Structures are given as structure tokens and as C-alpha cells.
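Below, in C-alpha cells: the form predicted on its own, a single chain.
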Amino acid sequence: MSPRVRFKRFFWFLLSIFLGAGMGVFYGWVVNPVRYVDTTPDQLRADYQADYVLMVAEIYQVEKDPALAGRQLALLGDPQPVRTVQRAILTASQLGYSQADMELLGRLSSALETWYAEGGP
């Protein structure tokens, strides 16, 4: 086979690969993208759940309402929000959250433990 024929075959091969990949990306992003409907926070990955718990801790820092924090944490699927916060603390320490964030999570955990001990839900 001559070099010119080999070049043509190689060119058409690469062109078809790039066109196929381009059409696949176009189809997946524009024509028929994935749509998530009615998802809940309990379907988040552990790192995103830790972020969610941190946001709840930040809200608790302002509101000082353990019942509200408990309701927000119940969306993560565990009936005991204290366990949810403890899991988030473990995940946060593995991911290297800042000391201030770790303290917020710790305060939320302590507040929930006290609230449950005093007869929470």
C-alpha cells in the first residue's frame, strides 16, 4: 500500500472518530441531556452531604434552633441527625475542612445531642 493511500485511510479514520465523538457529545448535552427530577439530598455523595451538613451548621449558628436543624438534616435520610453530623465530621476531616468549619460542625453536633437528651422529637 502506498503512503498516500495509508494517509487517506488514517485521515478518514481520525475524522470519523472525531465526528462520532462530537455527535455523541452534542446528543448527550443538547438533544437529550440527563434531567434529574424530584431528587432528595440523601442521594448526594458523602462529600456533598458533608457540605450540606455544614450549611445546616451555618444556619444553626445564626438561628440557634435545633429543631430546625434536625428537620433539615432529616432530609439526608437518617432518623438520627446526630449520626448524620458525626458522619459529616468524619468526611470533613478526611477532606481537610478548615478549623472554623470543623468547629461549626462540632457545635451543631453538641447542640443536637443536648436537644435530644432534653426530649427532642
Partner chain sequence: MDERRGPWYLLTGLLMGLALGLLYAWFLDPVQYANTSPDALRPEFKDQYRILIAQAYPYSGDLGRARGRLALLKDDRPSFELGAQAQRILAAGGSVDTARALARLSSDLNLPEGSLPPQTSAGTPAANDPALPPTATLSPDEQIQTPTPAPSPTRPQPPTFTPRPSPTRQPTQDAPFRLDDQQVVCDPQRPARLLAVETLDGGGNPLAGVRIQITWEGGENAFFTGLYPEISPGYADFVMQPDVTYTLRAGEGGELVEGLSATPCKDAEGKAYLGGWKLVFVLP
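Positions refer to the first chain, counted from 1. Keep in mind that this is a model prediction, so the values were computed, not measured. Each form is matched to the other, and the largest set of C-alpha atoms that superpose within 1.5 Å is called the rigid core.
The same protein also exists as the form predicted together with the partner chain; that form is not shown, yet it is the one meant from here on.
Taking non-hydrogen atoms only, Gly77 never approaches the partner chain to within 4.5 angstroms in the predicted complex. Contact annotation: Glu113 falls outside 4.5 Å of the partner chain in the predicted complex, judged by heavy atom distances.
The partner chain is not drawn, but in the predicted complex it has no heavy atom within 4.5 Å of Ala117. For the chain shown alone, Gly106 is not a contact residue for the partner chain in the predicted complex, no non-hydrogen atom being within 4.5 angstroms. Heavy atoms closer than or equal to 4.5 Å to the partner chain in the predicted complex belong, across 48-83, to the residues Tyr48, Asp51, Tyr52, Leu54, Met55, Val56, Glu58, Ile59, Gln61, Val62, Gln72, Leu75, ordered by sequence position. Relative to the superposed core, Arg107 undergoes a Cα shift smaller than 2 Å between this form and the one not shown.
If you fit the rigid core between this form and the one not shown, you'll see the Cα of Ser16 move by 2 angstroms or more.
The two forms, fitted on the rigid core, differ between this form and the one not shown by 2 Å or more at the CA of Phe26.
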